[in-house]
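Only one chain is given next, in structure tokens, and it is the form predicted on its own.
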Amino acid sequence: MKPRVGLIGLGLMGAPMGANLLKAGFPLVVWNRTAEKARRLVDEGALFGKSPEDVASQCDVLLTIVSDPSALEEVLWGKDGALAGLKRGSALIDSSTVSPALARKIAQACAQKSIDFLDAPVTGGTWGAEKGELVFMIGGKKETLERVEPVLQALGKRFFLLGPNGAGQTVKLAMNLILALQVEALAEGLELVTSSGVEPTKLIEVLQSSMGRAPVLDVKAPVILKRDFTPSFPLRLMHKDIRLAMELAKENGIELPAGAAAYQAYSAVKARAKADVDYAAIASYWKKN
């Protein structure tokens, strides 16, 4: 018999993850701050919980994927929070992107209630979530991963166990910082050739045939060239992740000069954005209105 799964957070990533859990035959209970976002999953067979605590009380494995640290803390410890509802022996998997310190705080709270915990942020974008091909970066115990892996297999294709609780979040922040820098470098290169009168597609052609080749080109170069910044990974979330990476660097007593410059550039674009846009909108840095 498959475990009952709870899912809290039905945004760009959470909603398709819920759909894949249903397709895989898992009984599913969901909750989202905006209840309307749950309608499709409920129509497909999910139950809608009255609160995070209500969802947690009904499930064997609870998966959370929300926007930022404050949202996660509210879901777990706020009024009718999930931690109050989780049963002894259940498991909590958090796939939000938050600080390693918060992941360790959650792990400690779970341990006090004999609840297994994994910090398990993901990469793969909305297309990966829709196809069930996410990559999980995991902090926690091997036996916990083995226990919940059937659930994760409905959502992803690779699961990296990276160390104790907090390790998953550490690697996710480092990876997203690198992606932010790569896309900013791409945007700067394209602006440089365009302002020099060279067709920007020429740069992409050369990059794709050189040591500059990177998978991110396949996804973000067309977005930048078309100036279609419909969010796959929203700028507001990448901005948050760079901030968290910079805070972690400060805690570790190291400087990240490229990261600091990127944070300043992404902050400028975020401040001017009039809608929710993809982080590839860093290419609009040179547009001042």
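As the structure is a prediction and not an experimental result, all values here were calculated from the model. Residue numbers here begin at 1 and follow the sequence given.
The protein also exists as the form predicted together with a further copy of the same chain; that form is not presented, and the subsequent description refers to it.
Using a 4.5 angstroms threshold between heavy atoms, Ala107 stays clear of a further copy of the same chain in the model of the complex.
a further copy of the same chain is not drawn, but in the model of the complex it has no heavy atom within 4.5 Å of Ala111. Not displayed here, a further copy of the same chain is approached by Glu191 to within 4.5 Å at the level of heavy atoms in the model of the complex.
Contact annotation: Ser195 falls within 4.5 Å of a further copy of the same chain in the model of the complex, judged by heavy atom distances. Screening Ala71, Leu207, Ala101, Leu83 for any heavy atom within 4.5 Å of a further copy of the same chain in the model of the complex leaves a single hit, Leu207. When a further copy of the same chain is considered in the model of the complex, only one residue from Ala35, Ala261, Val42, Leu225 comes within 4.5 Å through any heavy atom, namely Ala261.
Stretch 213-221 is the answer when you ask which of 148-156, 111-119, 83-91, 213-221 has residues with heavy atoms within 4.5 Å of a further copy of the same chain in the model of the complex. Proximity of Ser67, Glu130 and Val269 to a further copy of the same chain in the model of the complex is absent: no residue of the three has a non-hydrogen atom within 4.5 angstroms. Scanning 168-202 for heavy atoms within 4.5 Å of a further copy of the same chain in the model of the complex gives Thr170, Val171, Leu173, Ala174, Met175, Leu177, Ile178, Leu179, Leu181, Gln182, Glu184, Ala185, Leu186, Glu188, Gly189, Glu191, Leu192, Val193, Ser195, Ser196, Val198, Lys202 in sequence order.
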